[in-house]
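Only one chain is included here, represented as structure tokens and corresponding to the form predicted on its own.
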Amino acid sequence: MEDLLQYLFSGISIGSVYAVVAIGLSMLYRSTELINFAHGEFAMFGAMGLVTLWGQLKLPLPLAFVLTVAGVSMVGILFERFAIRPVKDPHPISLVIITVGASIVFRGVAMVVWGKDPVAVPSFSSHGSIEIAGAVIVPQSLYIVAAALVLAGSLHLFFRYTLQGKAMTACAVNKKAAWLTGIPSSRMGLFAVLISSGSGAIAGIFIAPVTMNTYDMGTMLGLKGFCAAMIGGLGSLWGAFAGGLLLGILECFGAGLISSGCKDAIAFVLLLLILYLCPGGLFAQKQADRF
């Protein structure tokens, strides 16, 4: 029983990591209908930025947090301005190829700047592990869960109750109609990428203390985040949160009860199964619009 509880705690921790990444992906798709396969690299930049500013330069954690998010957001602005906006025919396939190419460029830049050796940073809290019924959970995992909840809740309120959020949703539904009503679609797209890249940086910051950080860590994070977003329903913020938790829990139970070798395969098998049984994800599109 202790082992099962430990698998559950570990699954919630890992699933929250996937959820934070998935929320940024879903937010961008909800606003622009763009699937950004470079989103994992924004999380990588967040983690490596924290390593540099907090772990090596010894800046205070709040200052390092703000500077890292601001820096990664600027990378997102440059990405949108020079890679996405100049496309004359923004066909979904063309944009996907551009984001894949951008992820390769970002990894190359990160390898030059930070090298290939993995680096680590200490936990945000000096408290020891928490034991519940024989199972152990580290405080950093609670921070990740809280970050996923706060991020999903904040973006949910932003889209539902702010004029800016409603304008971004309108641009995603019908860009031409939104433009005719006076909504600057290009500005909304830039703002969406800005928020998405910032959320990716936040994901990387909270992930950094629980993993070894490398220049290529964003590849698997992006893929798992995409799987979580698709499982929950692409475009649904709470669906992305639920999909991340489900994916993380099933991965940990699969690794613990079956074999650790099938851990990464579980994500893609689960994705295929969900898409076969429910093509819109756990939350169908009509439901996703309400979340």
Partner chain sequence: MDKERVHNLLFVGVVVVTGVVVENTYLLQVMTFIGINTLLALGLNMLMGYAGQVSLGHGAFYGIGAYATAYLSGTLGISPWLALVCAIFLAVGVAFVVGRPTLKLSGYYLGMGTLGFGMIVHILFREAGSITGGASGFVGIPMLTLGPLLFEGGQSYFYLVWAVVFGAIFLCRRILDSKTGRALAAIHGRENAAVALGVDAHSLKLTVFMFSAALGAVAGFLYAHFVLFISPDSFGFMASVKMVTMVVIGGMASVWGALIGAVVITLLPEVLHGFADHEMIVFGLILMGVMIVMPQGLTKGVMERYARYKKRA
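Every value quoted in this text rests on a predicted model; they were computed, and no experiment measured them. Numbering follows the first chain given and starts at 1. We call the rigid core the largest set of C-alpha positions that still match within 1.5 Å between the two forms.
Not pictured, yet referred to below: the form predicted together with its partner chain.
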Looking at 50 to 58, 35 to 43, 66 to 74, 241 to 249, which lies within 4.5 angstroms of its partner chain in the model of the complex, counting heavy atoms?
-> 35 to 43
Option touching its partner chain, based on a heavy atom within 4.5 Å in the model of the complex, out of 139, 92, 118, 184 = 92
Candidate from 98, 190, 145, 170 lying within 4.5 Å of its partner chain in the model of the complex - any heavy atom | 98
Please state whether every one of the three residues 111, 271 and 279 places a non-hydrogen atom within 4.5 angstroms of its partner chain in the model of the complex.
-> yes
Does its partner chain get within 4.5 angstroms of any non-hydrogen atom of residue 206 in the model of the complex?
-> no
Interface membership of residue 265, its partner chain in the model of the complex, 4.5 Å heavy atom rule = yes
Consider residue 128 of the chain shown here, and say whether it contacts its partner chain in the model of the complex, taking contact as heavy atoms within 4.5 Å.
-> no
Should residue 107 be counted as a contact of its partner chain in the model of the complex, where contact means heavy atoms within 4.5 Å?
-> yes
Scan 7 to 28 and write down, in order along the chain, each residue with a heavy atom lying within 4.5 Å of its partner chain in the model of the complex.
-> none
Does residue 12 count as moved between the shown form and the other one, where moved means a C-alpha shift of 2 angstroms or more after fitting the rigid core?
-> no
